[in-house]
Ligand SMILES: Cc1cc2nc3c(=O)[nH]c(=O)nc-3n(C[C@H](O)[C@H](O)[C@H](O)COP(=O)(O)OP(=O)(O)OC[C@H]3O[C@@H](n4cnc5c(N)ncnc54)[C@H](O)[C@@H]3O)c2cc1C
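Take a look at this single chain in structure tokens; it is the form predicted alone.
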């Protein structure tokens, strides 16, 4: 469904931008199956930053006024909100991992039926198969699926989040984890999302109607933990001269303005999706660089740095998630070899993340000012 290249992302953006106003707002909640959708299909490209949020917003606002494109614009900022929020509440990610491990150790009987699409709930089984086969689900279907998983099938939300994270082509640790928590009533405590047969029938144009099959009166999940706010790290906005620039699945964009790397290396985790792996490869090779697929990133980086004669390594800032965790070990090993690593924060992230401390409304109030700065 998605070509993992920047050119494909830009082409999709150009096709979608004229329709990002009322067409998107009126049709975005409808999951029409194989028929053309009102949604953008840009999420895999934004997830791995083959294209940037700034490029997307500018392209859309070249066709629409901010009020007319507000529905879509807010969806773009939701991504930044989730990343900034998880970065400042890291205990949520730690708790999710612990909950996932516990759930796998005591795997519920209905788990296999859920992930193999054999629950007997036609819409849910269809979405389960679609996710496995295509790596994609319409956003509204993701909400329905998560709600049925949690409240009707009574499965641990962590297992569902992991199922998405392992199969979605646009799976983002922050957006995925916090969206599942939001559906369950954990992100905004006591406020959960319940899928209803009426809503599913309406927004699938009657293709599915699970009347009498869903738990439409479930209580929200409860989290007793206090996930305190942790200050954002002080990341620089520039990289050292003549550094080895790393392309990762978190950011496939070129280095920020003013940064001229001495070389480029794409580092790829074997656990990354096929889309992510190919996106890193395509980006690194287009920049005249090399790629490394494996777990021994530190030795691969040492070799590449030695080839170009530098002790400086730089990359775009790695937000909370598996990539950041794995790279933390790499960074310590490189430091032991006197190789310094600088993680550079993109201006967009530096602008958005500080406002992602509480609910989305706090950040939403800043959107007009953000757009002025981005389109000035």
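Here the structure is a predicted model, which is why all the values come from computation and not from measurement. Positions refer to the first chain, counted from 1.
The same protein also has a form predicted in complex with the named molecule, omitted here; what follows describes it.
Taking 4.5 angstroms as the cut-off for heavy atoms, does residue 172 touch the named molecule in the model of the complex?
-> Flag for residue 172 set to yes.
Non-hydrogen atom contact residue 180 with the named molecule in the model of the complex at 4.5 angstroms = Yes, contact at 4.5 Å.
In the model of the complex, residue 41 touching the named molecule (heavy atom, 4.5 Å) | Within the cut-off, so yes.
Tell me, yes or no, whether residue 139 is in contact with the named molecule in the model of the complex, where a contact means a heavy atom of each within 4.5 Å.
-> Looking in the model of the complex, residue contacts with the named molecule include residue 139, since a heavy atom lies within 4.5 Å.
Heavy atom distance at most 4.5 Å to the named molecule in the model of the complex, all of 72, 146 and 168 = Result yes, every residue of the spot touches the named molecule.
Which one of 82, 157, 245, 208 is close to the named molecule in the model of the complex, taking close to mean a heavy atom within 4.5 Å?
-> Contact check passes for 82.
Which one of 76, 272, 86, 114 is close to the named molecule in the model of the complex, taking close to mean a heavy atom within 4.5 Å?
-> Of the listed residues, the single hit is 76.
Given that the partner is absent here, state which listed stretch (42 to 50, 327 to 335, 312 to 320, 346 to 354) has heavy atoms within 4.5 Å of the named molecule in the model of the complex.
-> Going by heavy atoms within 4.5 Å, the stretch is 42 to 50.
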